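Shown below, as C-alpha coordinates, is a lone chain in the form predicted alone; questions about how it binds or moves come after it.
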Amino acid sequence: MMRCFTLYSEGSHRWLLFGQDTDANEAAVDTNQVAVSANGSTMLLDPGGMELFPAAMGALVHEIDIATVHNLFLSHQDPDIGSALPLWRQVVAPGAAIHVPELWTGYIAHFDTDAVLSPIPDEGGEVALSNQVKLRFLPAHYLHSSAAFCVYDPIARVLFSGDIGAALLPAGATRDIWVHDFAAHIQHMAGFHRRYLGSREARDAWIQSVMHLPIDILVPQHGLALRGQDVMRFLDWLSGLSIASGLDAYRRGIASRP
(Lines give C-alpha, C1' and ligand atoms only; values in the text may rest on other atoms or scores of the structure.)
Protein backbone atom coordinates (compact mmCIF):
# COMPACT_ATOMS: atom_id res chain seq x y z
CA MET A 1 0.00 0.00 0.00
CA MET A 2 1.32 3.43 -0.94
CA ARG A 3 1.34 6.10 1.74
CA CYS A 4 0.26 9.75 1.45
CA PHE A 5 2.06 12.56 3.26
CA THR A 6 0.89 16.19 3.46
CA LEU A 7 3.79 18.55 2.83
CA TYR A 8 1.77 21.77 2.81
CA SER A 9 -1.90 22.64 3.26
CA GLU A 10 -3.57 26.04 3.27
CA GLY A 11 -7.20 26.09 2.15
CA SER A 12 -7.47 24.41 -1.27
CA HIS A 13 -3.72 24.80 -1.82
CA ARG A 14 -1.98 21.50 -1.01
CA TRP A 15 1.24 19.63 -1.67
CA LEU A 16 0.87 15.86 -1.23
CA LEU A 17 3.56 13.21 -1.55
CA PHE A 18 2.74 9.60 -2.41
CA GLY A 19 5.36 6.95 -1.80
CA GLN A 20 6.84 4.22 0.39
CA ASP A 21 4.69 1.51 -1.19
CA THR A 22 4.92 -1.48 1.14
CA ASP A 23 4.06 -3.86 -1.70
CA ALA A 24 6.59 -2.48 -4.18
CA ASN A 25 9.15 -4.68 -5.89
CA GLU A 26 12.39 -4.16 -3.95
CA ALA A 27 14.37 -4.48 -7.18
CA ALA A 28 12.96 -1.11 -8.30
CA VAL A 29 14.29 2.10 -6.78
CA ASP A 30 11.83 3.77 -4.41
CA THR A 31 10.24 6.95 -5.77
CA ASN A 32 8.13 9.88 -4.61
CA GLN A 33 5.12 10.98 -6.63
CA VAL A 34 3.86 14.49 -5.84
CA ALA A 35 0.56 16.28 -6.42
CA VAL A 36 0.02 20.03 -6.13
CA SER A 37 -3.57 21.31 -5.94
CA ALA A 38 -5.15 24.75 -5.82
CA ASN A 39 -8.68 25.95 -6.49
CA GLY A 40 -9.83 22.70 -8.09
CA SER A 41 -6.81 22.18 -10.35
CA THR A 42 -4.01 19.65 -9.80
CA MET A 43 -0.58 19.00 -11.27
CA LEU A 44 1.16 15.63 -10.88
CA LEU A 45 4.93 15.88 -10.57
CA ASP A 46 6.97 12.88 -11.77
CA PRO A 47 3.92 10.59 -11.56
CA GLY A 48 6.04 7.46 -11.71
CA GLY A 49 6.78 4.25 -13.52
CA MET A 50 4.52 1.61 -15.01
CA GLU A 51 5.10 -0.90 -12.20
CA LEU A 52 3.72 1.31 -9.43
CA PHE A 53 0.82 2.91 -11.30
CA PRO A 54 -1.93 0.87 -9.55
CA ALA A 55 -0.63 1.77 -6.09
CA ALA A 56 -0.09 5.43 -6.97
CA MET A 57 -3.52 5.75 -8.58
CA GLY A 58 -5.18 4.03 -5.63
CA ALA A 59 -3.53 6.35 -3.12
CA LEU A 60 -4.19 9.48 -5.17
CA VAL A 61 -7.95 9.02 -5.58
CA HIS A 62 -8.38 8.88 -1.80
CA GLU A 63 -7.10 12.46 -1.62
CA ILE A 64 -7.82 14.15 -4.95
CA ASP A 65 -10.57 14.08 -7.56
CA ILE A 66 -8.71 12.63 -10.55
CA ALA A 67 -10.79 14.82 -12.88
CA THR A 68 -9.01 17.89 -11.44
CA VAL A 69 -5.62 16.75 -12.79
CA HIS A 70 -5.15 19.19 -15.66
CA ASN A 71 -1.34 19.09 -15.72
CA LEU A 72 1.40 16.46 -15.54
CA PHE A 73 5.10 17.25 -15.22
CA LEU A 74 8.10 15.05 -16.01
CA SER A 75 11.35 16.46 -14.66
CA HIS A 76 13.45 14.44 -17.13
CA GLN A 77 13.35 11.30 -19.28
CA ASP A 78 13.98 8.39 -16.90
CA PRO A 79 11.43 5.54 -16.78
CA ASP A 80 10.89 5.87 -13.02
CA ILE A 81 9.70 9.42 -13.71
CA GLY A 82 6.95 8.79 -16.23
CA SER A 83 6.84 5.43 -18.00
CA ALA A 84 3.24 5.16 -16.68
CA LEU A 85 2.29 8.20 -18.76
CA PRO A 86 -0.09 6.30 -21.11
CA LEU A 87 -1.96 4.95 -18.09
CA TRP A 88 -2.23 8.33 -16.39
CA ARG A 89 -3.54 9.91 -19.60
CA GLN A 90 -6.48 7.49 -19.55
CA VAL A 91 -7.68 8.64 -16.10
CA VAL A 92 -6.82 12.34 -15.75
CA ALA A 93 -8.81 15.22 -17.22
CA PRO A 94 -9.12 14.99 -21.03
CA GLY A 95 -6.52 17.12 -22.75
CA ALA A 96 -4.37 17.49 -19.63
CA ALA A 97 -1.11 19.29 -20.44
CA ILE A 98 2.04 17.16 -20.19
CA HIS A 99 5.01 19.39 -19.41
CA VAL A 100 8.38 17.86 -20.32
CA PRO A 101 11.86 19.21 -21.11
CA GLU A 102 11.95 20.24 -24.75
CA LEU A 103 15.17 18.30 -25.31
CA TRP A 104 13.51 15.02 -24.28
CA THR A 105 10.19 15.20 -26.16
CA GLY A 106 11.29 12.71 -28.81
CA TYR A 107 12.48 10.26 -26.16
CA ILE A 108 9.52 10.59 -23.79
CA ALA A 109 7.32 9.89 -26.81
CA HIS A 110 8.61 6.31 -26.58
CA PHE A 111 6.55 5.97 -23.38
CA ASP A 112 3.39 7.11 -25.14
CA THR A 113 3.36 7.80 -28.87
CA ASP A 114 -0.16 9.27 -28.69
CA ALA A 115 0.66 11.83 -26.01
CA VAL A 116 0.65 15.52 -26.96
CA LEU A 117 3.59 16.99 -25.06
CA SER A 118 4.09 20.58 -23.92
CA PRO A 119 7.81 21.29 -24.26
CA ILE A 120 9.54 23.31 -21.53
CA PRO A 121 12.28 25.51 -23.04
CA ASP A 122 15.76 25.32 -21.51
CA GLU A 123 15.26 28.55 -19.57
CA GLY A 124 12.12 27.21 -17.85
CA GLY A 125 8.62 28.62 -17.59
CA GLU A 126 5.49 28.92 -15.45
CA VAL A 127 2.07 27.29 -15.15
CA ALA A 128 -0.87 28.76 -13.22
CA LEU A 129 -2.99 26.41 -11.13
CA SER A 130 -5.13 29.34 -10.01
CA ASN A 131 -5.04 33.13 -10.12
CA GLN A 132 -2.77 33.07 -7.08
CA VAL A 133 -0.82 29.82 -7.37
CA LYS A 134 1.72 29.81 -10.18
CA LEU A 135 4.31 27.04 -10.37
CA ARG A 136 7.71 27.81 -11.85
CA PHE A 137 9.84 25.38 -13.86
CA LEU A 138 13.47 26.02 -12.85
CA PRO A 139 16.40 24.64 -14.86
CA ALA A 140 18.46 21.84 -13.28
CA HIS A 141 20.34 20.76 -16.39
CA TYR A 142 23.05 18.07 -16.01
CA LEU A 143 21.79 17.28 -12.50
CA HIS A 144 21.74 14.47 -13.47
CA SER A 145 20.06 14.64 -16.87
CA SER A 146 21.26 16.96 -19.64
CA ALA A 147 17.80 18.57 -19.55
CA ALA A 148 16.04 18.54 -16.19
CA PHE A 149 13.77 20.86 -14.22
CA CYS A 150 12.67 21.52 -10.67
CA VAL A 151 9.28 22.99 -9.71
CA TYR A 152 9.01 25.91 -7.31
CA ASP A 153 5.88 27.20 -5.59
CA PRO A 154 6.53 30.71 -4.22
CA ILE A 155 3.37 30.76 -2.09
CA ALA A 156 3.87 27.39 -0.40
CA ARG A 157 7.65 27.96 -0.52
CA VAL A 158 8.14 24.38 -1.66
CA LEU A 159 10.80 23.24 -4.16
CA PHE A 160 10.34 19.90 -5.89
CA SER A 161 13.98 19.21 -6.70
CA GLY A 162 13.85 16.03 -8.80
CA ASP A 163 17.04 14.00 -8.31
CA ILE A 164 18.76 16.79 -6.38
CA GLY A 165 18.51 15.91 -2.70
CA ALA A 166 17.66 12.29 -3.47
CA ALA A 167 18.48 9.59 -0.94
CA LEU A 168 18.53 5.81 -1.28
CA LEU A 169 17.20 4.44 2.00
CA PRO A 170 17.42 0.91 3.39
CA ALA A 171 14.61 -1.33 2.14
CA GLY A 172 11.74 -1.78 4.57
CA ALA A 173 12.79 1.05 6.87
CA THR A 174 9.89 2.47 8.90
CA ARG A 175 9.91 6.24 8.57
CA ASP A 176 7.86 9.34 8.00
CA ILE A 177 8.70 11.65 5.11
CA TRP A 178 10.92 14.18 6.92
CA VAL A 179 14.64 14.19 7.61
CA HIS A 180 15.07 14.56 11.39
CA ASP A 181 18.86 14.22 11.66
CA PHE A 182 20.59 15.80 8.67
CA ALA A 183 24.08 14.65 9.65
CA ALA A 184 22.91 11.04 9.87
CA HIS A 185 20.97 11.36 6.60
CA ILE A 186 24.07 12.33 4.61
CA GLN A 187 25.15 8.68 4.35
CA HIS A 188 22.00 7.97 2.31
CA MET A 189 22.55 10.92 -0.05
CA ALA A 190 26.30 10.97 -0.57
CA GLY A 191 26.80 8.05 -2.92
CA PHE A 192 23.85 9.03 -5.10
CA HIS A 193 25.00 12.63 -5.54
CA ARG A 194 28.65 11.73 -6.14
CA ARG A 195 27.72 9.40 -8.98
CA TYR A 196 24.54 10.86 -10.50
CA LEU A 197 25.52 14.54 -10.61
CA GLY A 198 27.89 14.96 -13.51
CA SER A 199 28.91 18.63 -13.59
CA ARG A 200 30.42 20.81 -10.88
CA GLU A 201 29.69 23.90 -12.96
CA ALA A 202 26.02 22.90 -13.28
CA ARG A 203 25.84 22.12 -9.56
CA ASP A 204 27.21 25.54 -8.67
CA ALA A 205 24.92 27.34 -11.14
CA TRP A 206 21.85 25.56 -9.73
CA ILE A 207 22.75 26.40 -6.15
CA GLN A 208 23.21 30.04 -7.07
CA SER A 209 19.84 30.06 -8.85
CA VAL A 210 17.88 28.76 -5.83
CA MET A 211 19.86 30.34 -2.98
CA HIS A 212 17.86 33.59 -3.19
CA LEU A 213 14.48 31.82 -3.15
CA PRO A 214 12.53 31.47 0.10
CA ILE A 215 12.35 27.68 0.46
CA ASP A 216 10.70 26.11 3.50
CA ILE A 217 10.56 22.58 2.04
CA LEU A 218 12.75 20.76 -0.47
CA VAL A 219 11.25 17.49 -1.70
CA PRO A 220 13.24 15.16 -3.99
CA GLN A 221 11.99 12.35 -6.18
CA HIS A 222 13.73 9.72 -4.03
CA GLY A 223 13.95 9.56 -0.25
CA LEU A 224 12.95 12.09 2.39
CA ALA A 225 12.00 15.76 2.31
CA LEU A 226 14.01 18.53 3.95
CA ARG A 227 12.47 21.46 5.80
CA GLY A 228 13.51 24.55 7.71
CA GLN A 229 17.23 24.94 8.35
CA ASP A 230 17.93 21.56 6.76
CA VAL A 231 17.33 23.12 3.33
CA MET A 232 20.31 25.46 3.78
CA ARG A 233 22.33 22.67 5.40
CA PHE A 234 21.75 20.61 2.27
CA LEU A 235 22.80 23.40 -0.09
CA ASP A 236 25.95 24.02 1.94
CA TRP A 237 26.78 20.31 1.96
CA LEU A 238 26.10 19.90 -1.76
CA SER A 239 28.26 22.91 -2.66
CA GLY A 240 31.36 21.23 -1.21
CA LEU A 241 30.70 17.68 -2.40
CA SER A 242 33.05 16.00 -4.87
CA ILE A 243 30.76 14.79 -7.67
CA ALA A 244 31.01 12.94 -11.02
CA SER A 245 32.64 9.96 -9.30
CA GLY A 246 32.14 7.82 -12.40
CA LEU A 247 35.17 9.58 -13.88
CA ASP A 248 37.30 7.57 -11.46
CA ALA A 249 36.77 4.56 -13.73
CA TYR A 250 38.80 6.24 -16.47
CA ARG A 251 41.68 6.87 -14.10
CA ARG A 252 41.60 3.30 -12.81
CA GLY A 253 41.51 1.99 -16.38
CA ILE A 254 44.52 4.06 -17.41
CA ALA A 255 46.46 3.01 -14.31
CA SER A 256 45.81 -0.66 -14.99
CA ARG A 257 47.12 -0.61 -18.55
CA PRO A 258 50.45 -2.37 -19.14
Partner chain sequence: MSFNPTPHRTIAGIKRYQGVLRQIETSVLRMLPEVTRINSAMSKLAGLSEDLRILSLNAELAAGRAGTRGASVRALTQYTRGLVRRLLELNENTAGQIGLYRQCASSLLFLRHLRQVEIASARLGTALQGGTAQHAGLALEQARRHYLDQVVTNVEGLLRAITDVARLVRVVDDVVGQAESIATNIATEAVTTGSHEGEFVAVAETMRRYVEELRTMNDRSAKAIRLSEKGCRRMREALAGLERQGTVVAA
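As the structure is a computational prediction, the values presented were derived from the model and not from experiment. Positions refer to the first chain, counted from 1.
Unshown form predicted together with its partner chain; subsequent notes refer to it.
- Stretch-level contact check against its partner chain in the predicted complex with heavy atoms at 4.5 Å: of 59-67, 217-225, 185-193, 31-39, the positive one is 59-67.
- Between the options 156, 167, 87, 147, the residue in contact with its partner chain in the predicted complex by a heavy atom within 4.5 angstroms is 87.
- Note on contacts: among 97, 91, 128, 109, the single residue with a heavy atom within 4.5 Å of its partner chain in the predicted complex is 91.
- Its partner chain is not shown here, and in the predicted complex it never comes within 4.5 Å of any heavy atom of residue 230.
- At least one heavy atom of residue 55 is located within 4.5 Å of its partner chain in the predicted complex.
- In the predicted complex, none of the heavy atoms of residue 205 sits within 4.5 Å of a heavy atom of its partner chain.
- Its partner chain is not drawn, but in the predicted complex it has a heavy atom within 4.5 Å of residue 50.
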